[in-house]
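Only one chain is given next, in structure tokens, and it is the form predicted on its own.
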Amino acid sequence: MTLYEQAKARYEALGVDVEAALAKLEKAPIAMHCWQGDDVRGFDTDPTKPLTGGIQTTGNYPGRARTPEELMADIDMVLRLVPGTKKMNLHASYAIFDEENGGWADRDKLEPRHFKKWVDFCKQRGLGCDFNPTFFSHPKCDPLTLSSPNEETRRFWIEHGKACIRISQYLAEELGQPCIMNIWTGDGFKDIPADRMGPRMRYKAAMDEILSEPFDFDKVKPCVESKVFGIGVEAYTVGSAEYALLYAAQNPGKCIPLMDNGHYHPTEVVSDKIPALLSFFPELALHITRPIRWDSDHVVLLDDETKEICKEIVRCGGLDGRVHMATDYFDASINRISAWVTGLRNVQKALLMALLTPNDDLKQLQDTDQFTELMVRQEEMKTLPFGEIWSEYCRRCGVPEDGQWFPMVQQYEKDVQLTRC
């Protein structure tokens, strides 16, 4: 009997169908954020200028992707090392401009043709693609965007949002998978504002106008994402949690909520919010990250909250199309491919742990007030031979097991990334 068969028998003794768990995980799409590979620089503005809009990337590890070709090569390396079903997740700032598509265009004039090379890339690899308007790092941030009192500024960003709706529809139609289009802005103030409601009313009106652009909700899933604060907007954020959640609730069939687990107060956990929101919303989206004291976008670890988030996704039927998952972090202090691979594999590990849990039995213990046994069984699950099940999953997906993939990243760094310096 192999180590996998021994581990499988341990789980099956608890009533867990291991083969069903592996099959379900393999089909669960996770969107891979493109911006880890180049420190959120994109291709439409001066890469030597600092990021603005409440975000910041720290570190200067060698090998950052500088061109679409380099970024795609790095993504290919990641795809070879991560099991399961992946999607791409693009920001609008990753438009590819060349003579073929008419050259550079500002964000309010972006068109589907500026993303044709990404569509070709995804088609060749069987990937779907999610999308994000880019409401930061642009001269037209004053520093507000959709909530600006300046009509010209606000109009520019409304047109950008509408252009992104059209691009998202194009991505969905070309790739045959729904496109999750996430709207997030860093709008806010560094110090205490005199008017908190005015910016939110302008933001609401701007969102209404963006979502008036025609789209098929079965193909395009606009989201609204909240935030507590950002660098330079410490005192007040227009798109607060209450604002984003209520906006989505008031616009069914046009908008769904998106929760980023770095965008809440330190004592709040998104894992508890998932079943709360799914009690009212048919669908929601997640950006999975790791905050340290603030929304610092560290690489996702197999930590308690990641595991709890994935438990709730599985328990609530989220893998049946109700929860749309994406990673979102950008660490420039370590090898960027290693950062990508570590985070994506950890999300999949956490999902597999959740799928290997006898959730129905544990729920029955809770519903019949058998809390002593519930605690004992939950604790004993922690020492089951999960690693052998994970290794089998990697083998079946044709990717390296733990302990095998990092030397491949080191070799790629030596052969490819360090030649960019």
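When you see a residue number, it is the position in the sequence shown, counting from 1. What you see is a predicted model, and the numbers here were worked out from it, not measured in a lab.
This protein has a second form, the form predicted together with a small molecule, left out of what is shown; the following refers to that one.
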Quiz item: Within 4.5 Å of the small molecule in the predicted complex, do we find a heavy atom from each of V40, I55 and F330?
Solution: yes
Self-check item: Proximity of E225 to the small molecule in the predicted complex, heavy atoms at 4.5 Å
Solution: yes
Quiz prompt | in the predicted complex, R336 touching the small molecule (heavy atom, 4.5 Å) | solution = no
Quiz prompt | Interface membership of K86, the small molecule in the predicted complex, 4.5 Å heavy atom rule | solution = no
Quiz item: Does at least one non-hydrogen atom of Y393 fall within 4.5 angstroms of the small molecule in the predicted complex?
Solution: no
Quiz item: So which of K221, H160, H287, K349 gets a non-hydrogen atom within 4.5 Å of the small molecule in the predicted complex?
Solution: H287
Practice problem: Work out which of H324, H91, H114, R154 lies within 4.5 Å of the small molecule in the predicted complex, going by heavy atoms. | Solution: H91
Quiz item: Exactly one stretch in 65-73, 32-40, 362-370, 381-389 has heavy atoms within 4.5 Å of the small molecule in the predicted complex; which is it?
Solution: 32-40
